[in-house]
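In structure tokens, one chain follows: the form predicted alone.
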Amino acid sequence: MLKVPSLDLLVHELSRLPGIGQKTAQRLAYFILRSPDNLPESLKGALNEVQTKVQTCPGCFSVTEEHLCHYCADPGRDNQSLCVVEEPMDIMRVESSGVFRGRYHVLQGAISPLEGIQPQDLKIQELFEKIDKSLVSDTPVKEVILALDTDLEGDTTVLYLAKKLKDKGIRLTRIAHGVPIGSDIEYIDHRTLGRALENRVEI
């Protein structure tokens, strides 16, 4: 550590953020230290704003400052198509495709027995209740799209959801995974290439 208590504390707190290692935390701390006087106050203000204003959307379990998030409040979206994601930030990635115009449901994580995360720790029961409620409405959910990560936790969650939803009479799909556009096959790992072969399409 730097042996400067206040600076060491800042580095420690920054290093607790996901994706921020010790060296990156130190660079950020020094950047803040050398920045204009108003940056620390602006940063503090932004953190306070997030803490006091941002809440969970009761419709999809994303984040919002309003009663409902932008997507749940939009009457023009398709109620019969539901996209399930792990985290709120995943909604922005799906939206950036410009293809999906349905509703969302955020699980707020993925099943991970090694980390002690079980189905009851996520918004999975709420997903089942949302689907069941829709099935007795005028606009029942016809398709559930699982847009989850392709890691072990994502695969485990997909298998669990598929087992629980198989008797609901709705179409259950998962977004295709494979070789990214513009990539050479020689640089693709075997798992990604395997997924690409499994998800091949007619031409």
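Everything numeric here is computed off the predicted structure, so don't read it as measured data. Residue indices: 1-based, along the sequence shown.
As for the form predicted together with another copy of the chain, it is not shown, yet the points below apply to it.
Peer 1: Just to confirm, with a 4.5 Å cut-off on non-hydrogen atoms, which of Val158, Ile170, Ala147, Leu28 contacts another copy of the chain in the model of the complex?
Peer 2: It is Leu28.
Peer 1: Work out which of Leu135, Leu152, Ala176, Leu47 lies within 4.5 Å of another copy of the chain in the model of the complex, going by heavy atoms.
Peer 2: Comparing distances to another copy of the chain in the model of the complex, the residue within 4.5 Å is Leu47.
Peer 1: Taking any heavy atom pair closer than or equal to 4.5 Å as contact, tell me whether Pro40 reaches another copy of the chain in the model of the complex.
Peer 2: Looking in the model of the complex, residue contacts with another copy of the chain include Pro40, since a heavy atom lies within 4.5 Å.
Peer 1: With a 4.5 Å heavy atom cut-off, would you call Ile188 a contact of another copy of the chain in the model of the complex?
Peer 2: Result no; Ile188 lies far from another copy of the chain in the model of the complex.
Peer 1: Examine Arg200 and determine whether its closest non-hydrogen atom to another copy of the chain in the model of the complex is within 4.5 angstroms.
Peer 2: Arg200: no contact with another copy of the chain in the model of the complex.
Peer 1: Would Gln51 count as a contact of another copy of the chain in the model of the complex, using a 4.5 angstroms cut-off between non-hydrogen atoms?
Peer 2: Yes, contact at 4.5 Å.
Peer 1: Taking a heavy atom within 4.5 Å as contact, would all three of Thr64, Pro88 and Arg93 count as contacting another copy of the chain in the model of the complex?
Peer 2: Answer is yes for this spot.
Peer 1: What residues in 151 to 165 sit within 4.5 Å of another copy of the chain in the model of the complex, counting heavy atoms only?
Peer 2: Read in sequence order, no residue approaches another copy of the chain (within 4.5 Å, in the model of the complex).
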